[in-house]
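In structure tokens, one chain follows: the form predicted alone.
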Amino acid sequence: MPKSREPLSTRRVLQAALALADSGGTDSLSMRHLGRELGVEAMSLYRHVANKEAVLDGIVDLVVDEIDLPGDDSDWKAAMRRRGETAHRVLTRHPWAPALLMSRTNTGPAMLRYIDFTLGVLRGAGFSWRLADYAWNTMDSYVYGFTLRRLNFPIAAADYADTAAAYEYLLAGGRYPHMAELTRQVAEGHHPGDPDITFGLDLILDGLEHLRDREAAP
């Protein structure tokens, strides 16, 4: 056990739990393991966190707190784009987090601030409550899905061209002409084959702008 005797606090417990989750995923996170990491008996932790579920709620909120929210003077599309880009970077640092964000009711202060900020941006841009609600949920669904794909896709972006070249033989013979041509484009370096997150964010934002304007039209 570590020899540090810094007094326990809820924040110290959660920060240690966050480090454990980052290094080994949430399956490796137990109260006993967490106590060992902090140099205390597991029972001591219950003075600061109710149980493992409370720990998971707490570390999710710590992750959300890392997402940078733009200032109030930003253009709404720029603010929402930056929100999405920052969320993707943060979630990539904490690869266990997207699954928890999608599977839990998250009501920590950082999450509430995050959602309230987002609703404020959209309402300030003229979105109805209905569209504002649909908009932020659609944005987050895309960010979580894009991040999970990036984290789990078996081919690194730097290897796309070589991998495409290695699989071109499967598409020979003319049976799959469109796949064959796209693969050739990637293999020869004419097309990178992997968009960054802003491609989808801009598509969503442009579509939301259109819906807002159509709803507001007489």
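Computed from a predicted structure; not experimentally measured. Numbering starts at 1 and runs along the sequence shown.
Another form exists, predicted in complex with a further copy of the same chain; not displayed. Remarks below refer to it.
> Please name which of the stretches 62-70, 42-50, 184-192, 29-37 has residues with heavy atoms lying within 4.5 Å of a further copy of the same chain in the predicted complex.
Heavy-atom contact with the partner occurs in 184-192.
> When the contact criterion is heavy atoms within 4.5 Å, does Ala216 count as touching a further copy of the same chain in the predicted complex?
Contact check for Ala216: no, nothing within 4.5 Å of a further copy of the same chain in the predicted complex.
> Might Gly120 be said to contact a further copy of the same chain in the predicted complex, defining contact as any heavy atom within 4.5 Å?
Within the cut-off, so yes.
> Is Ala78 close to a further copy of the same chain in the predicted complex, meaning a heavy atom pair under 4.5 Å apart or at it?
No, Ala78 is distant from the partner.
> Does a further copy of the same chain come within 4.5 Å of any heavy atom of Glu85 in the predicted complex?
Taking the distances in the predicted complex, the answer for Glu85 is no, it never comes within 4.5 Å of a further copy of the same chain.
> Within 4.5 Å of a further copy of the same chain in the predicted complex, counting any non-hydrogen atom, which residues from 102-124 show up?
Met102, Ser103, Arg104, Thr105, Thr107, Pro109, Leu112, Arg113, Ile115, Asp116, Leu119, Gly120 sit within 4.5 Å of the partner.
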